[in-house]
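The chain below stands alone and is given in structure tokens; this is the form predicted alone.
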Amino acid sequence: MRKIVLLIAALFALATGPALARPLTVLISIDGFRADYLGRGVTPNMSAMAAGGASAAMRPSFPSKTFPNHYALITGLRPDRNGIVENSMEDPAIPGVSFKMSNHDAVVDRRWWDQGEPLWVTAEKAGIRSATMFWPGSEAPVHGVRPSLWLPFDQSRSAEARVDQVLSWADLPLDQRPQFITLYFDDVDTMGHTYGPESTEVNVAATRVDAAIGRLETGLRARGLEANIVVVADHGMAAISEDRQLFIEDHVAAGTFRTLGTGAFMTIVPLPGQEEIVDKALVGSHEHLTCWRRGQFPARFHYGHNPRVAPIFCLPQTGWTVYSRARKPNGGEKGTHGFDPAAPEMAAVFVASGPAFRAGVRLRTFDNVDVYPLVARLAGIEAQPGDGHLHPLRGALKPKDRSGSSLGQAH
């Protein structure tokens, strides 16, 4: 009789164990996926997720670039506070080094990332396993901590292969399986830059990534694993053209400055002894262009006090670009980002579905730093103090998940 009872108990534990475990939390970024791409009828899986869960247009943080916004999403801190103030920047505390996406040594140097604490670091400190399938910052030992599982970025790795890697992590034994996973796709951004946001190529890329997300959902279901999946983008994409190009030398003499970043905005460092000349020539409003000193940005940008911000920052009207004639682009790009986050073209997609979410919820536009406390709550990770708030997204959650009674604490 005792053997029968033990057998029944073992079978019950086997049958109910996965159901009783917390659902996986998967945060997916589709680089450059503008909010209105979701309405083009080319992403059936994401559209089904939105119908069965929540969706919104999301405001990126300023500046609307890739590294600053990925780090804002994962730390809950705006770029001025998370330290990744631009894709290309300098830091007086790290002399002689220029941080660029192409500078691998800088990208893996924790000193650039330590001003923020990514959610995977907080998770690992709390004994919650995490995995990053590509995410800016995940290649550095931020605060001396790495995700349990991670891979160096490899753009050649297909969307399908990235999903299969995540599914292989889901196949690990329960005590080794990550509870929080990030997944990154770059196809849509690449096509948006090359062909423009209204192109057929962008739609094809969106369909390809959407199919990969469907592959992930199917794979998790086949394994009997529940998951709360949150899909975001770092920014949108605006059309640009050669007849809307500005050149900074039309306002300030060549040889008085150097540039760090150009395109959707320009970051400028006056040469020694030229500070007053450059400042007087640039700061203020010009045709299609406005320039600010560090520390004097409009309050709505929440930007400009970090010492890594360039001394002068020039922002064109959305759709216009600004270059130096010494660094004139070769031409060919038909889309870019980095413009005012309030511009509709910069709005990023947000879609979330899973057992924690109500069906068919359309949220008002919110700031992307609000994603952090949501994902922290879903994964049972105690959120660090930050710039984001859960309140704008509470309406998407089922009542028990709004209270946090079963999902940990978050702001």
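Bear in mind that the values here come from a model prediction, so they are computed numbers and not experimental data. For every residue, the number given is its place in the sequence shown, counted from 1.
Beyond what is shown, the protein has a form predicted in complex with ligand AMP; the following relates to that form.
- Contact with ligand AMP in the predicted bound form, defined as a heavy atom within 4.5 Å, is made by all three of M101, P136 and D189.
- Heavy atoms within 4.5 Å of ligand AMP in the predicted bound form are found in exactly one of 181 to 189, 309 to 317, 254 to 262, 267 to 275, that being 181 to 189.
- Using a 4.5 angstroms threshold between heavy atoms, Q155 counts as touching ligand AMP in the predicted bound form.
- Within 4.5 Å of any heavy atom of ligand AMP in the predicted bound form lies no heavy atom of Y37.
- Using a 4.5 Å cutoff between non-hydrogen atoms, N87 counts as a contact of ligand AMP in the predicted bound form.
- Put simply, T66 is close to ligand AMP in the predicted bound form: some heavy atom of it is within 4.5 Å.
- Contacts between stretch 69 to 84 and ligand AMP, counted in the predicted bound form as any heavy atom lying within 4.5 Å, involve no residue at all.
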